[in-house]
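Next up is one chain by itself, shown in structure tokens, the form predicted on its own.
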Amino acid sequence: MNFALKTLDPARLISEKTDALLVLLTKDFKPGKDALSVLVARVLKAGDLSPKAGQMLDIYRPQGLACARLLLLHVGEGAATEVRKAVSAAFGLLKPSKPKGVTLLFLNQPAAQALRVAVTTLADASYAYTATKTKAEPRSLEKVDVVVPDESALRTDFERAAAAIAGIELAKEWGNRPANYATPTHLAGVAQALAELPKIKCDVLGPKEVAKLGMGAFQAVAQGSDEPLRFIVLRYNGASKSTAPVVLVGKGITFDSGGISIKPAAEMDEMKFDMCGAASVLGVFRALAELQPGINVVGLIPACENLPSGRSVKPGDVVTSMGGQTIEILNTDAEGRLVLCDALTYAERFKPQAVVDIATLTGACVIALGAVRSGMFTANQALSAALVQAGESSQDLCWSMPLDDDYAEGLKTSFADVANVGGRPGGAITAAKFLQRFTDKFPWAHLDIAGTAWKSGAAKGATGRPVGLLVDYLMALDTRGKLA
């Protein structure tokens, strides 16, 4: 989908043909003398559009305008949440007519966040999954023109939003694919294709290389499946070699049955989404290729399936991680932390300025935060502040969760250095405390996206989160040059 940002020219706007002109009005609207402003003023004066957030008026073939449909959307104060609701509702009304081109017009200069939310919402509302359908209806929307009073002031934010959308849609596409169309080998192929873009390189390690590294925890999860594991290493080099990189680690369980500790059958199909952390890392690298920031970024994706078989790891088995710690596997369905812990140890070789892991890790985080905010765990205050700010600016929200040492008590065991589960209470926190054991050598944060990575029910599908948050975090580093 093509996006273009333009400066408002009322005379030209009314003569441009488009399938739909979406006009976003705030309480600060003051009519000019052009035909569109006069029409809007009449509508407001007649009471046909209430000056309240969420109100909408659809006009077919408006007199004096070249657009096929004119939708007037009132967004109240113009806050991001109001803009999101208005744009989503408007495209829901338009979608059956299959528009190919839409113009999104802000009559008042929007805040940067409102602009970004508007285009991101329009992209999300028009997205269509087609990969495994024989008679799929592809996305009809091909072009979006965004018109504002002064485009120069919003150019940077607009370009960041467009790049993030490219990354979000890559993450959604691979999150949505069924597990037999998104194996570890398939994910490796996506990463290798990204390496064809500027400044990106990719290495893919197979079972022999992973065994040589001593990644016993990762291997234990993968051993029950016939699909071979892949350890994917992506590099974006936008700064000098001496600049410490940020490392992103994405959980890549391409299907999670739970292993021997098998999950209930109901909704197990949604466990194809258990690689959404990996998909978000792929999406971030897609956005980096567009934005070309002056930073270095490494992406690590431990990818495998978690299935029951005669070879599967068993509850009570003890494995040795790459870092040398022994782990008693009390629950084979707590596999994400096992693949991540070896990837976190591998991250040490890059001497990173920060490491952020992203994982659909625990149902407990869904109970704690629902689908609104991702759980964010870190003991590093600078990293915490940076991630929270990135969540706010991108409207891809997270929430800081505790990491008190007392939560690690449940991970103690008589048979290994640590157990992989600590009981149901505080399950999202004990999972994070397990990962924290492998992060002594760098600033680290963990994003639990189990509640935000996909939607269930009628709207079932991957969301592409937290690509937006991560892109904003990295772009802020480009400005600051370092973590703190």
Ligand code: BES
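We number the residues from 1 along the sequence you see. From a predicted model like this one, the values you see are computed outputs, not experimental measurements.
The protein also exists as the form predicted in complex with this ligand; that form is not presented, and the subsequent description refers to it.
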Name the residue from Ile262, Leu403, Val318, Val366 that puts a heavy atom within 4.5 Å of this ligand in the model of the complex. Val366
Looking at Leu361, Val75, Ala222, Cys276 here, can you tell me which has any non-hydrogen atom within 4.5 angstroms of this ligand in the model of the complex? Leu361
Specify the contacting stretch among 369-377, 330-338, 240-248, 109-117, defined as having any heavy atom within 4.5 Å of this ligand in the model of the complex. 330-338
Given that this ligand is not shown alongside this chain, does Met271 nevertheless sit within 4.5 Å of it in the model of the complex, heavy atom to heavy atom? yes
Check Asp256 for me: does it contact this ligand in the model of the complex (non-hydrogen atoms, 4.5 angstroms)? yes
Decide whether Leu70 counts as a contact residue for this ligand in the model of the complex under a heavy atom distance cut-off of 4.5 Å. no
Flag Phe434 as yes or no: does it have a non-hydrogen atom within 4.5 angstroms of any non-hydrogen atom of this ligand in the model of the complex? no
In the model of the complex, which residues of 453-472 put a heavy atom within 4.5 Å of this ligand? Trp454
